[in-house]
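Just the one chain here, the form predicted alone, laid out as structure tokens.
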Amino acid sequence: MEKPSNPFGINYYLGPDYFCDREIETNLLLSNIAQQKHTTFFALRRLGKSALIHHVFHLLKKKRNQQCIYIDIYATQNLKDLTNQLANSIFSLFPEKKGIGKSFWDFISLFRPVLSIDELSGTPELSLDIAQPKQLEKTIPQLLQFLDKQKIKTVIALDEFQQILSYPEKNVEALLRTIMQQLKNTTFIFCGSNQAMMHEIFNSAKRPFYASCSSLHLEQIDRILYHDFIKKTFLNYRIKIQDDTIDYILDFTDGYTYYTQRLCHDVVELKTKQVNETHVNQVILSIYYEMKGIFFQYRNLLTPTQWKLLNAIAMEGNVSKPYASQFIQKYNLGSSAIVKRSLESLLDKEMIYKNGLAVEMHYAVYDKFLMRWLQRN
């Protein structure tokens, strides 16, 4: 593999040499896949769950007769969107109209496929013209059965899986669970970033997916390991970085993968041979300048009470007792009823997240750059 110009990937996977740790999680996923055990795992956004999946897929693709499909369903609105994403992913595996590709094209011709070119990537995109709800319900099972009958071991990762709870169709869980039980060569990874919703789907005895998957919970990368990785990666690019500067980066980002990678990526782009806190602060100010418009747009989307509560949570870092009189009085938030309404709205807008369940629960700002910007201002 050609050495990348920047070793800190942000929204893409560069390869195992540029991937930090996750050995336990990687081995668990590989073991589950080898045993054809389905896996569900929860991770807050920007913690690196997509990168972990692509890392596992990279290792799997070294094996013969193994296919991998990654589908992010966050933007899907209904069962038809999900169906088209799956059809397009299978088409991407076998684009040529010969062999399995020809068989797949013959199969989907029943659904009046429409082939177009994505304007941004220039790659072909497939969509199926399905109007009848009953036929739509049958299409995903038919697509998965087609794939399974090819006798090729396949792993399908559905990212942001909690999105199915917002679909107008209320039988998607049962539909997927039923077909999942019938497949012999297909293993699923269900990922999500909303802990409460993922818990409801997979841990509620009343729901179809109950007790159907092995579970995995993704946390921040071990700080010592991440520190060593950052130092080694900089040195491999002949850039010296002080230990206290790495600690400064990890403190600033709270160890969240995306924000850590973004800071390190932009520091590398400075093209300096020795990095200190001054360089990191230069990058931070540049990021603030770049995102200032977005941050002010957030403010316009929120009511004054919601914005005040967001600021209060940012100042604290995380809040375990948002209704406590001490917290409310400290930031002049009004009444507990006002805090409750604002908290629910911020959660709904995904400006903050609720991490943990029951006793260990706490609230924090989702965007760590926004959090630091609020603390600064």
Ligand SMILES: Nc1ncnc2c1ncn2[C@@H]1O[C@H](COP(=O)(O)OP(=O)(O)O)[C@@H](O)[C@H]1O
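Numbers follow the displayed sequence, beginning with 1. Note that the structure is a prediction, hence the values are computed from the model and not measured.
If you look for the form predicted in complex with this ligand, you will not find it shown, but the lines that follow are about it.
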item: Interface stretch in the predicted complex with this ligand - options 337-345, 323-331, 309-317, 37-45, non-hydrogen atom within 4.5 Å; value: 37-45
item: 4.5 Å heavy atom contact, Y298 and this ligand in the predicted complex; value: no
item: Contact test in the predicted complex: S50 vs this ligand, heavy atoms, 4.5 Å; value: yes
item: Partner contact for C20 in the predicted complex: this ligand, 4.5 angstroms, heavy atom; value: yes
item: Contact test in the predicted complex: A364 vs this ligand, heavy atoms, 4.5 Å; value: no
item: Option touching this ligand, based on a heavy atom within 4.5 Å in the predicted complex, out of I130, A157, I90, I221; value: I221
item: Contact residue in the predicted complex, chosen from F94, Y258, Y248, F107 - any heavy atom within 4.5 Å of this ligand; value: Y258
item: Residues from 3-17 in contact with this ligand (non-hydrogen atom within 4.5 Å) in the predicted complex; value: G9, I10, N11, Y12, Y13
